[in-house]
Structures are given as structure tokens and as C-alpha cells.
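Below are two forms of the same protein chain, given as C-alpha cells: structure 1, then structure 2.
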Structure 1
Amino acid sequence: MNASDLREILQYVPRFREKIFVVAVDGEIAASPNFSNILLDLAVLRSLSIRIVLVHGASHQIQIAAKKVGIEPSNTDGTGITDKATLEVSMDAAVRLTHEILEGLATVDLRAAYANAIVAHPAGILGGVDRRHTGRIERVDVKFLRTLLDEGIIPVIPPLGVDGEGHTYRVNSDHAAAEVAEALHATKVIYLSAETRLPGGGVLPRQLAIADAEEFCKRRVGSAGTNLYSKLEYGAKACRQGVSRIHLLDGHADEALLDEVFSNEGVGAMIYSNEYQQIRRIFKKDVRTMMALIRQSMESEELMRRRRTDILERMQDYWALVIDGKLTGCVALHVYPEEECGELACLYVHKDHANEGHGIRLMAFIENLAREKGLKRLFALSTQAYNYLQIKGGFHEVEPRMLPAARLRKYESGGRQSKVLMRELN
């Protein structure tokens, strides 16, 4: 981890302190070699005073257990028909997995407890078919979960529900995670999935509004991608009920959990319930607003003067920071492919959003974009913000001769005498 990585993480710590994250782990992921890394990631979150509720699936374990006893399970994901034999296998497999997870959490010095917090009733007869021992989640025992959380204990919730008569029902873990998050007013649900691609090999967009997630579910054909669509469906419903962010991650990928939580771009797909703070390409209609945004900084010579036509000619280089639908900041990446370097330019955030970390976020975005383009260095020219670029962006001052030839000619003819700052992209 380098200094810029640490700075990026630290900007999130005040925002997430004492917030509740519901982490939902597929049974296949809990059985994977990467699960030990996930446990370490959970320990990092807890060290930052983030409250964790862990909900796990057990479909993978149920299939293995059913094969051992020689039965064909009637359903493994808690959405179809659960016959008596399948329920018994499910209970054994789920509770065993819960215990294994508790053991794993103990190895990373985390206190955890089995939480029988899902109150369920029979799903009943749907479409003329009796779902038998499949459950319908009625409510979540919030008081019990909050008692554990207040004591610094991670509740571990299996995909089982119990009614007031002591009957157990199989429930879907994706649904359970969403219901728990809604009941606890959680900030996030993070699904660590065994399945991350759409049928045909397609991938989800990085950011989905609720309506986008619901539209994906409507376009679903057949049973392919069931695991992923389940998370989209219940994630969208949780957003509708007030959970602000749902993250869908590849549970097999090392450090995916931390990379998603503590980075601007993330590594998975995210469903959001409100206007997301996003960085996007500028459109032609944005240019006038952008010119008004940076006009004062150009007049004070903090930013290099640009005309509207200058931006239009290189519009593909410019990116907008949009908060609540309003263009609030901007940045540009001008690429010099022969020298394998790029210029971070036109970095600006409106004063109403100063000191909120958006400048760091824009710099990190450009840094990631430059890496994606295969660039080895970033440079920036500044007359007034060079200290900021050095302290927050990891740049260091160099001689102007280090600039690409084309940029050096422009520098020498401009007369601004900007400081030249550079940073290597490892």
C-alpha cells in the first residue's frame, strides 16, 4: 500500500464509522480458498469501527450434504419447494457452516455469535404449488441484533427462519440480507457472489440506479444467472426501502471487499438509491456550465485560460464531477502516447464542496484512468495549487525539460511559469 492508497482509505473512515454493513456471502464463497482473505477484510472493517452483520448462503453445502446421504434436494437456494428431507439436510449443512464461519472469525480475533434472528412463516401455495418448508420472511429480530452489535459482536445469520411455534423454514440468503439491512437501517449490503457475469458472459455496469437493476431482472430469460439476478432483485427492493448502496462483488477476488468500500471507482457493480456522486464524461451541453464553474479560477490565474472551443475540441479528455445532478467539479487527462505519460489538468471543485475529499477523488480517478491507458507517468502544471498536488496527490517538482516535447513548447510560449509536477504510476 502506498501513501495515496492510505489517504484514499482515510477519507472514508469518518463517513463509515459506527455504520452498519450487511455482508452476504454465498455458500460457495464461504467454502473457497479466498474466504480466509474475506475474514481478514472483515477484521479491517471492524478495526475502523464499522459494524458488521454477516449473512451466509448454504446452497453449495446443501448439494454436497444431499449427495452424501443419497437424496436429490428439491431446492437448494430457498426459493422453490423445500421438502422434509431437503429441510433436514439444509438445517444440518447451514448450521455446520455457521459454526465454521464462527471459527474463522475467531482466528482473526473477531467476536461473533450465531443469530437466530429471522422470523419466518410458510411461503404457502404459490402458483398452485405448495412450497412446503420454504419460508416467507415476516420480520427481523432487530432488538437481538442491535444488542449483539452494541457489544461489538458480529451476528452470523444462516439462511433459516423460525416461527413462534419452533418450526424451521429454509429462506433465501439474498432476501434475508436485504431484509436485515432494511430493518437495521444499514448503510450497505455487500453481496460476495460466486456468480458475477450475466448469461452470455456480459458484465453489469459499475453503477446502476434502482430502475436499471429492476430492468435487468425484467429482461431475465430462463434460469441462467439465477444467483446474480436474485441479488439484483432483492438489492433493488432494499434500495427502495432506504438502504443507500448495494454492492455486488466477485467473492473469489482477493481484496474485492476493501477495494470496493475504500476506492472511488470500486471493483464490482453498485445499485444506488439516491442521486449518486459520479464522475462521468462531459457532454456538449455541460461545456457552458463548466466554463462558468472555472471562470473565476481562470481569472485569478489558478487555472490556465481555456475557451469554450478549446474544451469542445478535446471534449473526450474532460470529466465532470456530478453531485445531486449538478456539475460540481471537473478534471481532464491529456494523453501524450509517444512518451507514455499524461497531464492531469483543469482540476477544480466548487467551493461549496471544498474539503470534502472530491479533489483527491478526481485525482485518483485520473490516476486509474491513466493506468488503464497504459501510461507510466502523470504530470501537472500549477501556479498556486502545487502544495496541494504534492501533499494530496503524491506529485513532486521536476524541471520543465521533463515535459513531453509538444507540451514543453506550449509551456515555453505560454509565459505562466507554472511549477511542473510529476508522479510515477507503478
Structure 2
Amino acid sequence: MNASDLREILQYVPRFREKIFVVAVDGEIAASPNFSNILLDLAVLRSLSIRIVLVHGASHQIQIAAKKVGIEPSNTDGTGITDKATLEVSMDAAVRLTHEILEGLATVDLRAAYANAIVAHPAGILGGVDRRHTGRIERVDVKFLRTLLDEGIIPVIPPLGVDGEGHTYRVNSDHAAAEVAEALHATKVIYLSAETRLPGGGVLPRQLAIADAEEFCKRRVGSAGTNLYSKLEYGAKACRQGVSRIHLLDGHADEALLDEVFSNEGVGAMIYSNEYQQIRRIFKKDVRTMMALIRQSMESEELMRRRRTDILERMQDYWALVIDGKLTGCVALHVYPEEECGELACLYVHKDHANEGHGIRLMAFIENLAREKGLKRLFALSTQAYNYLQIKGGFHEVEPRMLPAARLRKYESGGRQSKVLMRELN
């Protein structure tokens, strides 16, 4: 990680401070070599005051344990029939795994505790078949979980539920994670999945509205991809109940967790419920909308006049702020390689979303981009937002002669008499 990665992460810190993330780990991932990296990533999240609840599956461990004792498990993922022998093996395997996770969390100095927080009843007889010791999640013990979280302790929840009579039931961990997130009003569920490809090898889109995720589930054929579809289904349901983001990540991929949480683009698939914001490149089909967006600001001389062709010619410089699929803002970075500097230009945020911090985000985005390109300075020209650039963007006013020669010529011939603002990128 370099300094600019850290700066990018810091943008998210105020937004996520004290928020709850439910991290759901498949048993196979908890047993994988990548799990030690995941533990470190969790330590990073905790260091940024993000509250974490860890829910784990145990299917992988149950299969191994059943083999050892020579039984054929009636079901391993907590969705089918759990007979008595399978329940016993499941309890041994799941609780053992919980303990191993607690040991792992201790190695990265994280305080954690086994949380018996799922209250379950028998799933009962469904379609004429008695599910025996498979549980239906009745409720989540929110008070207990909040007490642990308030003490800075990570609750670790196995895929088991208990009823008031002290009976244990096997529950599905994807479902448990979604229920826990709903009950705690968590900001995110992050599934670290053993399976991320659709049957047939396809991948999920990066962003899915709830309806898209539900549509994927509807189009499912046969039982292939159960592990993935279960996350889509419960994730979409949790989203409908108010959890704003559900992330489906490859649990075998190093740094997937941090890359997903702390970047605009993300690395996995994400189901979103409410406004989804992203900063992405401008495509040819966006240029007309973008022109309409900034027209008023060009007319009132806030922004320099640009023609459609000007934007098309330098399209790779332009970025769009998209909120809920709607182009809501824009910004550009024009690079002057010889002078090792760049111009932050065409910064605009639609009035409907003014004062929500988008302008600051767009400036920070360009700043990071400029750093990645190895630029030493950023400048901006402004007629009416120079205070904004100084107070919110860290720019200071300089003489026009500080501009790169080519830009100075354009400035002198343009006649806008904008103020010239500069900032060093160190």
C-alpha cells in the first residue's frame, strides 16, 4: 500500500465511523490460506472504528467431520433436513471453527466473543418433509450483540440457533448474516464467498439493484450455484429491509475486502438499495447529457464554455458522478506532462445534490488520479468558486504566469479573467 491508497481510505473514514458491517465468511474461506489476510483486513476496519459482526458458515468443516466419524450428512448448509447425527457433527464442527476464528482474531489483537445470538425454532414440515433439526430464524438477540459491540468486541456467530428450551438448530449462515444485519440496522453485509461464478462460468455485474439480484435468482436453473444464489437471495431480502449495501466477494482473493470497501469501483458484486453513487469515466453516449447538465453554469460563466466536440476530443479526461444511475456531476483532469501538473476542470454538481459533499469527493478523486499519474501540482481556474477551491480543496491563489505555457496562452486569449489557483501534491 502506498500513501495515496491511505489517502483514498481516509475519505471513507467519517462515513463509516461507528457503522456496523456484518462480515459473513463461508467455512471453506475460514479454512483457506487467505483467511489470515482477512483477519488483518478486519483489524484495519476495526482500527477505523467500524463495528464488525462476524458470521461464519461451516459446511466445509461439517463435510470433513462427517467423513471422520463415518456418517453421510443429511445436509451441510442448513437448508435441508438435519438429522440427529448431522446436528451433532455440525455442532462440533461449527463451534470448533468459531473457536479457531476467535484464536485467529486474537493474533491480530482483536477482542472477540462467541455470540449465541440467533434464536431459532424448528423449520418444521415443509412440502410434507420434516426438516428435523434445521432451524427457522425467529429473531436476533440485538441487545446482546449491541452490548458486545459497545465494548469494542467482535461477536462471532456460528450457523446455529437455540430456542428457549435449550435446543440447538442448524441454520444457514448466509441467512443468519442477513438477519443479523437487518436486526442491527447494519450498513453492509460483506459475503466472503467460496463461490463467485455463476453456473456456466459467468460473473455477476459489479452493481445490482435489488430487482436485478432477484431476477438472477428467478432465472436460476437446477441446484447448481447454491452457495452464490443463497447470498443473492438473502442479500436482496436484507437490502429490501433497509441494509443499504450487500457485497459478494471472492473470499480467496487477497485484499478483496479492503479494495471493495475503500474504492469507488469495487472488486466484487454489490447489491444496493438506495442511492448508489459512483465516479466513472464519461462515455460518448453521456456527452449530450453532460452538456445539458453544465449548460446553465457555462451561461452564468461559472464554467468555461465547452462545445460537444471539445469534450469528445478529450473524453478520456472527463469523469461523471452518477447517483442512482443519473449523471449528476462531472469533473475533468487535463494533464500537462512537461510541467508535471494537471488542471482540475469542469467541476460541477447538480443543485439537487448540492452541499452533500460531492464536490469535495470529486476534487479528492482528481487529486488521487493526479498523484497516480505522478503529477506534482494541480491548478484550477475559477470565476465564482475560488473560495470553495481554497477552503474545501486546499488550493491557493497564484499569478496566471504560473500556468503551463500552453494553458497561459489560452487563458490570455479567453478573456474570462478567472482567478488561478494552485496546490502542491506531495
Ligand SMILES: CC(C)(COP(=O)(O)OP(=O)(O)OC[C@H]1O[C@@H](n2cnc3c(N)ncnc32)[C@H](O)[C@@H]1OP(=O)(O)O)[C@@H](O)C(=O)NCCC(=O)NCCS
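Not measured: the values here are computed from a predicted model. Each residue is numbered by where it sits in the sequence of structure 1, with counting from 1. For the two forms, the rigid core is made up of the largest set of C-alpha atoms that agree within 1.5 Å on superposition.
Taken from the structure described as the form predicted together with the named molecule is structure 2, whereas structure 1 is drawn from elsewhere. Once the rigid core is overlaid between structure 1 and structure 2, residue 396 counts among the residues whose Cα shifts by 2 Å or more.
After superposition on the rigid core, displacement of the C-alpha of residue 333 between structure 1 and structure 2 amounts to 2 Å or more. Annotation: Cα of residue 363 displaced by at least 2 Å between structure 1 and structure 2, core superposition.
For residue 416, the Cα deviation between structure 1 and structure 2 after core superposition amounts to 10.8 Å.
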